[in-house]
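This document opens with one chain alone, in structure tokens, the form predicted on its own.
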């Protein structure tokens, strides 16, 4: 089995480290790089189509990141009769249905375990659970950067900017952490999770996502005083065929197992009738953990599974209700919906996520957090 690898950064190098010399039946025969000066490996090429059009290559692994040209390359690989494996959550969340349809039309496999949860076998477990039962919901800590920041702020009392800089120094946060701290990264993973759990493709732009950019020490103190812990949670549920997907910080009760997830670890749960709640945890990112998931997909590629049918779906956030803590300088828009109103923060009445989202569109520099029941 010959592999063409697109991208040789953090994840791509992990893939070659795991495969080279360890799996006699698998060979990484070509590697796409930006510049041949990256090394003297004879497998390096700067021409993607040298890989995509090579009839000897059975599987194309995409670890480039970004939407384009990654999407075009993966789609071309499938159209050219090759299986495809990708770790690219951003590209997948925008093109899941199209790529899945392309794979089915060409009788090839598209696998993406590494796109959601790093080394956690999350997509595998969603598919495995559905052999017996319908999944009703999922929730999870899906971003190591924000979990590190929240854990450190809760434990040390440091402020947000100080903790973010430390996360960047440790390699847990990018130089531009916007996708992480604004909740975009979790929204992409929720989109992929909903697709795998419910067979519904929701537009990632329709997923409300509230991050932690405006979190303050006083918000952490408020939660701790009430015996609660703030975590950034991604969720999805299917109720009478209505799909709801959203991302936001939650003030969890102290006895919630999610409160124990520290540092940059992830934890994701699924719920169904026969299992109740099943939880999966581990490293959600990193070179070798993510590459591990990629190689697992390669080893499973011969078993393409039962073909599935997909449909697009609206995001019914009007069905999601909660009580929300909002802090910031200007909270005038939230006063009409407040149950408690104090200097610098309000606690809302129970309201729909759709109502909250409408208020947030006209609010700036505020932090919003659901208060769990």
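Small disclaimer: the values here were computed from a predicted structure and weren't measured. Residue numbers count along the first chain shown, from 1.
Quick note: we don't show the form predicted together with L-homoserine (HSE), though the next part is all about it.
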Next item on the list: Using heavy atoms only and a 4.5 Å cut-off, determine which of 245, 291, 142, 91 is in contact with L-homoserine (HSE) in the predicted bound form.
Entry: 142
Checklist line | Proximity to L-homoserine (HSE) in the predicted bound form, single hit among 134, 203, 255, 174 (heavy atom within 4.5 Å) | finding: 174
Note to self: Given a 4.5 Å cut-off on heavy atoms, tell me which of 220-228, 97-105, 283-291, 193-201 is the interface stretch with L-homoserine (HSE) in the predicted bound form.
What the structure shows: 283-291
Next item on the list: Look up in the predicted bound form whether residue 113 has a non-hydrogen atom within 4.5 angstroms of L-homoserine (HSE), and give yes or no.
Entry: no
